[in-house]
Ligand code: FB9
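Next up is one chain by itself, shown in structure tokens, the form predicted alone.
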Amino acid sequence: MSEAEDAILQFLQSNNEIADSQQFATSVGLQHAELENVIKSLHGFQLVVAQRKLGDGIFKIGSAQARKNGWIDIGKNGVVRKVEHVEDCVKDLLNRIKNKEVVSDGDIADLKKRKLIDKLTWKGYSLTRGPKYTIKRKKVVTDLTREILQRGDWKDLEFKEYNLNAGARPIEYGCDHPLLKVREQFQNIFLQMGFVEMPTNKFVESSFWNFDALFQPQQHPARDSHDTFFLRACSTTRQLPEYYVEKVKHVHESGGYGSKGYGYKWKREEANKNVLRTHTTAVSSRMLYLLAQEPFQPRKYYSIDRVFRNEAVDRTHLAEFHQIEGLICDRGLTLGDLKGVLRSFFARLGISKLRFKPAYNPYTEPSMEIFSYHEGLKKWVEIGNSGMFRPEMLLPMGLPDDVSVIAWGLSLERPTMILYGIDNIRDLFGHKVDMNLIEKNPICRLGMY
């Protein structure tokens, strides 16, 4: 037993505590550092008592570190002391870190693992005196105001120099959507060719005008809920032209005008159902019916507006999109007239290579798909659909027997995506559109399509 340890134990035999270790070391004639080592050594051997009082969890924390440092050994017979004096290396490491001395990465990792230190980033700055250094910062005036002129102190003020090379503040302005730009170009082409725009303000349409008036049977797959949005509120129409409805019913059930019809029981309740229009041809059917109620005059109509279909959304399809439609109503029109008008129309778009492929539509006969050779893709691509409206659609309206209607339609989104290099329709139309595209989209001409 050392002299310091003996002095401590002797004193504690008759006293409860040593209140001040510095004073006690002076009173017994010992160095405080020597006394401190003994105190730490005696504290280390309280591990066994701590295990009994606090349980295995706390004991394992201290004993594991003590065994690692070689202070004790724990065997079957309990804790065995292996050193006379314990050096507090942790405290030494913490002091070295505090004094900004070099410490090994291993010691730092160990201290961080024990949550005794935490790594913080310290930022410092260096300052140097500039050419316009002054002991007190002076605030320069940026604006010559009415108050300054009234006070008359403008002579003593220092004004900030104008920086004529500084960029101007961005001008806030409205921007056209790419779809609107391309729509306007299509609209100009129709107007140049003498067409009149049809009113397209009815997004909600009855099944009668959307399907039945177009001689589309009520059991047609396109009328199913999988392809069409039906309305719950205001689910049925309130008014239809009854005389015309009876004619449409008859031509569906029994035919007429050289047709056998479809031979099924036509249901009025199906025709009354309101839907979100699936095509702008519903607008065309209304316009042709109104035209038939007056002395006949040839007409050229067009429309560009939104339609809705219950389709799965992907890179090239949305549940709503825009349809472009043109039609000509006149006497004696033939398929040759349709092809000629299509060549003239698409030539104004910069498209000269056209091909036509026979197709089927419920309300046109004959029908043709329109293909164009795409110079960029180096292949033929479908760009539209066309045909001549069937007599079963036109004659019940009251149009003269010798009147024919040629029509065609195409998408607005597809040419816009090609012109602006957009490969996902959701980046062009809908809630995911990037506003930077709207503000900074370039000027594109349809001749590039």
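The shown structure was predicted, so the numbers you read here are calculated from the model rather than taken from an experiment. When you see a residue number, it is the position in the sequence shown, counting from 1.
The following text describes the form predicted in complex with this ligand, which does not appear among the structures shown.
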property	result
One stretch from 239-247, 362-370, 253-261, 194-202 that, in the predicted bound form, holds residues within 4.5 Å of this ligand by heavy atom	362-370
This ligand contact in the predicted bound form: Gly409, any heavy atom under 4.5 Å	yes
is_contact(Phe321, this ligand) in the predicted bound form, heavy atom dist at most 4.5 Å	yes
This ligand contact at Ile383 in the predicted bound form, heavy atom, 4.5 Å	yes
In the predicted bound form, Pro391 touching this ligand (heavy atom, 4.5 Å)	no
Answer option from His317, Arg268, Lys357, Arg286, heavy atom within 4.5 Å of this ligand in the predicted bound form	His317
Listed residue that, although this ligand is not shown, lies within 4.5 Å of it in the predicted bound form (heavy atoms), from Lys273, Arg309, Lys181, Arg223	Arg309
Heavy atom of each of Thr281, Ile351 and Ile418 within 4.5 Å of this ligand in the predicted bound form	yes
